[in-house]
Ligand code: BG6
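Just the one chain here, the form predicted alone, laid out as structure tokens.
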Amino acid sequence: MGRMTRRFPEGFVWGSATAALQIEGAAHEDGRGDSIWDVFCREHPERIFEGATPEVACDHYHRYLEDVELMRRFGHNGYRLSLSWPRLFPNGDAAANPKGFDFYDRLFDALAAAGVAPNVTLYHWDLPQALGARGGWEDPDTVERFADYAEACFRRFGDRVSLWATLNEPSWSTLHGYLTGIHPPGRTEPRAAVLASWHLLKAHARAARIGHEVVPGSRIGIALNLSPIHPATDSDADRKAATIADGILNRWFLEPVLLGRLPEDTVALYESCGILPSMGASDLEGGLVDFLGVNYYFPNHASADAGETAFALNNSGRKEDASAFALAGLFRFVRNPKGRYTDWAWEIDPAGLEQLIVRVHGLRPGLPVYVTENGIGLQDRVVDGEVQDDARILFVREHLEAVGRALDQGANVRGYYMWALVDNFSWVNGFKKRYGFFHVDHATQARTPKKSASWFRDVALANGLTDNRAT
């Protein structure tokens, strides 16, 4: 095994993460309704790499016992998953689908039997299409429907789930759903983006209040995609641009759930642009989290020279295909000339994870933190029955070392869930971008453990890293 170089705290959670839409499949079985993503993929195949859809995905709905057994065999003691709102409430309203609830009963029972603790996200982007057609997250009624959905889940599953995240990456879903138009509902309106983000914050607070009432002792948090934002240069203009970007992407969601308030500079920015929604004084009450889920993939570098608004996403895995994110007059993200990058143009910067965790610790000292997503998309292939993904082992190892450095600084990190358990439907990236510990042949649904799965098993069983870097 080698010499232990980093031991993690007793009880540390070692696992992986998934989302319902990305793995379950069975899109039209047992009463499941459409989500906004199902419809988006059908109506806009040109926006998804190779026109992929989540209709079958990884067929987890039928193969969940096999997948839970893989978790058990490969040392996982935790699993982050999401519930499918349209599987449980096909129209997003009060009409529940018993077969959907039965499926998650079976899944939670299987996890318990395998000794794998669930960390459950209520909303991972799969809004029921019926609600999307009525205005989605721009409609305040969606907040009410989410509260009803959350309460039903707390009541049914609260005896087997102690860790709940209300939302996954509200920043990403509002920015790409309502500002860049890359995700459904495909809008490009700043006013709509801010309104949707506010309703998501309200929905989080409502669900947290309900969960604490319905399941006393449960721990309720949220999973935020956070990104350190550095000025592209040391100029005053770029430093200001980085602060603006940090307010929009990070602090707009981070400060309400950690401190119970919105960032004043971002509020002032939205007000000056005439896009600040009407806000009630009590809307955020009860929304302080019991833990924070940190989803981290890459940092950003902000430049002030954004002459026009522009958005582009590399969803091909070709390094020459550029990404772009720019808001005219505010900031644009630029490439770090010294950075390491994936094929999808995401910078690899493990130190960013340490910075984010330490930042959270500074805002709420001692708050439990889970790394709820962290991983690397590769173009993995099975060769002679094996997948040699040493690049993933290096990526995860470097980020676990960053977690260790954050622990040394007093942060209360409780667990790490790599994205993802299996190669899944990766939104607009389709199936080419592979993240899993287990390779999935999407023609046969055969699962093949990658080299990283065995490496991670050894780390989890040892509860630490050794100086043996790739075995």
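Just count from 1 along the sequence shown to find any residue number. The model shown is predicted, which means the values in this text are computed figures rather than measured ones.
Not pictured, yet referred to below: the form predicted in complex with the ligand.
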item	value
Distance check, D389 to the ligand in the predicted complex, heavy atom within 4.5 Å	no
Distance check, D246 to the ligand in the predicted complex, heavy atom within 4.5 Å	no
Y104 within 4.5 Å of the ligand in the predicted complex, heavy atoms	no
Any non-hydrogen atom of D126 within 4.5 angstroms of the ligand in the predicted complex	no
Residue stretch of 389-397, 238-246, 294-302, 190-198 approaching the ligand in the predicted complex, non-hydrogen atom distance within 4.5 Å	294-302
Answer option from W419, F40, Y416, F438, heavy atom within 4.5 Å of the ligand in the predicted complex	W419
Single option in T53, Q445, S426, N412 placed near the ligand in the predicted complex, where near means a heavy atom within 4.5 Å	S426
Stretch 376-411: residues contacting the ligand in the predicted complex, 4.5 Å heavy atom cut-off	none
